[in-house]
Structure formats: structure tokens, C-alpha cells
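Quick setup: one chain, the form predicted on its own, written in C-alpha cells, and binding and motion questions come after.
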Amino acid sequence: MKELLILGAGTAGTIMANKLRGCLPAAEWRIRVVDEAADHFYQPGFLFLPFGLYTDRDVVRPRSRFLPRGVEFVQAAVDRIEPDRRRVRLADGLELPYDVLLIATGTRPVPGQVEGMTNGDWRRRVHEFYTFEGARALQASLRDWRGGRLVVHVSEMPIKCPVAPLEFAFLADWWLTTQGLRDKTELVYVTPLSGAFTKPIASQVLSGLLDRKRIRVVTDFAVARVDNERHALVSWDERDVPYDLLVTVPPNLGADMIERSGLGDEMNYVPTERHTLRARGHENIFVIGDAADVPTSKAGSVAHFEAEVLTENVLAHICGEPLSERFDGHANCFIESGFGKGFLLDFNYQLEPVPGRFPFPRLGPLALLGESRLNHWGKLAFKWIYWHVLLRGWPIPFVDHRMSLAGKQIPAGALKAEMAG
């Protein structure tokens, strides 16, 4: 019996377990998935929890419900990977051998990386919404909000779902308006970037929206510490941004066990071949989702698109065939902009988000990089798609893992040459 081991039962790991169980004969291959948590979280839903738009039931389900028959779930923490011995050591000392290893351990917020962030104001005046516990605590604080300075802050890049902090600011503007508190609240968006987003064309559009919503933007802000006595963010160049309520995105890092295994970069992400998704220097280790260092967004849609190529490449590796270099960095995400409207971004390694129509070049019906009510409904519909389609590893109709250029309005010089590696 050969062993295929998947580390992580989040979005990426669950998709791969479903796909590979349907491809590998159960009599020849045992598939095991290791994760220390029994619950699966719909992480895009954390954005909606603080505003009371989603409940716990919308974002939490048992992991076992989404893993297929014939896949063994091992609920345990991983201590380290030992590539030379082709085995994984668990925290309790148990050793799991593998013939093929898939790393899907994701990324997580680490607030302790910023001096003072977890001191006296933590979970009182300082909150995050990238964890289930954090989103729920923030919901309680917003219930007591009566006005003041509300600061939305990004510590550094890369982060999981890079548009989420912007979405929070837009939804805060909407929520404060509905509560009669917008004129009593100064909204400030603080970013380490020189603009609202990581890509220039989208950044210009989203910066305009921030301006129209009267959300002040502080750019190029490299946070050094949180001053709990003065209730202020302090940058390395000694600029201050005071807050009454701070909603921060702490630094994101990969799993600690990646560092213990000697497999990661300085942020515990695994160096990965960007087109094949094989770990660099390890022929039988593959990486998917947020755990990889590939230069695309850390988002669930990326893991879904990666899974198409990775399934093909795992099977090719098993058969001793060359790997496909077909993953193009495709990312696709809705941006909730408040008041029942939203945006849609579609981009890859070669092309940043641009205006256009999606998924059909002429009919759309969705607008790319344009605000519409239909995009808002697409964002809400994604929750059902996530639980019932995406986790099962099924294709999403009309959305291919390779990004199409059809329907996109591409400015001259915007399309980059294909990158190697």
C-alpha cells in the first residue's frame, strides 16, 4: 500500500482529498489528511460576522462532512516534516510515512509580531477579523460603538485575501450609515502600500472609492508598534495614527512546523515552482494554497484553480511522467463595497485586474473592476458554492483554471511576458 499524505484540511487540503480519492485506486493508495482542528471554517465569512450579516452557523461546519469516503482524517498537530526519511512526525510522537506529500497548511495572523499589539488594548480597542474568535470579539465591540476614530490597518504584505481589509472599510462605512453613526465616526485606512491595493489599475479605482466614501487613507505606513497608553499606531519613521477602535490585519506567516522542517522562507512559506506547484528541491512534495510562496493572491479561488493542475501533476509524478507547467496564477475574487454593491477582480501572473466583462466577453453578466449589484449577489452566492461545490473539488461552471483574456480591456503594455520557474 502506497501512502499519500495531505497536511492541512482547510480549503486546499479538502479539495485535493476529494479530487485524488476519485483518481487513485483505494486498493493501492491510502490517503490521509492531517489537521489539528475538528471544524472547517468558511473564512470569507469572517468579514460579515462583525456586522451581524452572518452567524456562526454560516461559517462553521465539521471537517468530516467534506472529506470523502476512503480518506482517513488524522486529528493531530504536526511537529515536522522529515523529507530525507519520507515521513511526517506528529506532535504526539506518531510517525506517518509518505510516498507523496501535499502541503496545504495555509497561513495565519500572528499579532505578536508587532510590538504592543497584544497588550492592554487587545480584544478591547484592538481587534482582527481573520480568525473566528477575532471576528466574534469585534462584533461585540461594534455593538457598543457610539462614534470616534475607527482605524482599519494592514501591517504588512502578503496577507490572506488582500482585498479583505478594504472590504471591511467599505462595509464599516455602510454599517455606520445604517446605524446613524457615520457622521460621528472618522474612518481611516492605514496601509504599508503606496496605494489602496497591490495592483496599480485596481488601486486607482479603489482609491477613488475610498475618497468618495470619505475614508482617509494613510499610505507607506510601516508599523513599528502599538502604543496602548496613547491608543495609537506608531510607524518606524515615528508617525502616529491614533485610534478609538483599531481593526488590524496582523502580519501573516506560514505554519511554524515549516520552519522546524527547514522547508520554508523567512515567512514560513514553502518555495514552490510557480507553474507546477512542486516544492523546490523535493520531487515528491507538492504545495497548494496559502502555504506556497507563488506570486499570486492567497485566496480560496487560487487554491481551487491550483487544484486542477496539481491533481494532474500528482498523477504524472506517480506515473513517472513530466509535470504540467499549466498553473498561470489565476485569481478571481469579489470585493464587497457596501450598500448592496460589489466589484469583481480576475487576474493572473501575467495580467493585473482590468475592466471588462465576465465570464462571457459580450454578455457578462458580471462587470470586471466595476461596481454593480450583481457582483454583490455573486459575493453572497459564493458561500453556497463554497460549501457545496468548491470543497468537493467540482468545477465551477464557465470558470476555467486558466484565466481567459476574452472580455478584458487590456491597456497597452499591461500584459507581461510569461514568467519561468
Partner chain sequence: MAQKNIAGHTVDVDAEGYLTRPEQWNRAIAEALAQELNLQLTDAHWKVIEFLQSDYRERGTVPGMRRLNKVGGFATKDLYALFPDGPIKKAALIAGLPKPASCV
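The structure displayed is predicted, hence computed values, not measured ones. Numbering follows the first chain given and starts at 1.
One more form of this protein should be noted, the form predicted together with its partner chain, which is absent from this view; the next part is about it.
*Asks:* The chain here is shown without its partner chain. Which stretch in 208 to 216, 150 to 158, 73 to 81, 170 to 178 comes within 4.5 angstroms of it in the model of the complex, by heavy atom distance?
*Replies:* Of the stretches listed, the one contacting the partner is 150 to 158.
*Asks:* Heavy atom to heavy atom, is residue 222 within 4.5 Å of its partner chain in the model of the complex?
*Replies:* Looking in the model of the complex, residue contacts with its partner chain include residue 222, since a heavy atom lies within 4.5 Å.
*Asks:* Give a yes or no for residue 240: in the model of the complex, does one of its heavy atoms lie within 4.5 Å of a heavy atom belonging to its partner chain?
*Replies:* No.
*Asks:* Using heavy atoms and a 4.5 Å limit, would one call residue 266 a contact residue for its partner chain in the model of the complex?
*Replies:* Looking in the model of the complex, residue contacts with its partner chain include residue 266, since a heavy atom lies within 4.5 Å.
*Asks:* Could you tell me if residue 311 has a non-hydrogen atom within 4.5 Å of its partner chain in the model of the complex?
*Replies:* No, residue 311 is distant from the partner.
*Asks:* Quick one: from 127, 199, 182, 231, grab the residue that has a heavy atom within 4.5 Å of its partner chain in the model of the complex.
*Replies:* Filtering the options by heavy-atom distance leaves 199.
*Asks:* From the list 276, 332, 296, 107, which entry has a heavy atom within 4.5 Å of its partner chain in the model of the complex?
*Replies:* Among 276, 332, 296, 107, a heavy atom within 4.5 Å of its partner chain in the model of the complex occurs only for 296.
*Asks:* Using a 4.5 Å heavy atom cut-off, are 162, 194 and 253 all in contact with its partner chain in the model of the complex?
*Replies:* Yes, all three are in contact.
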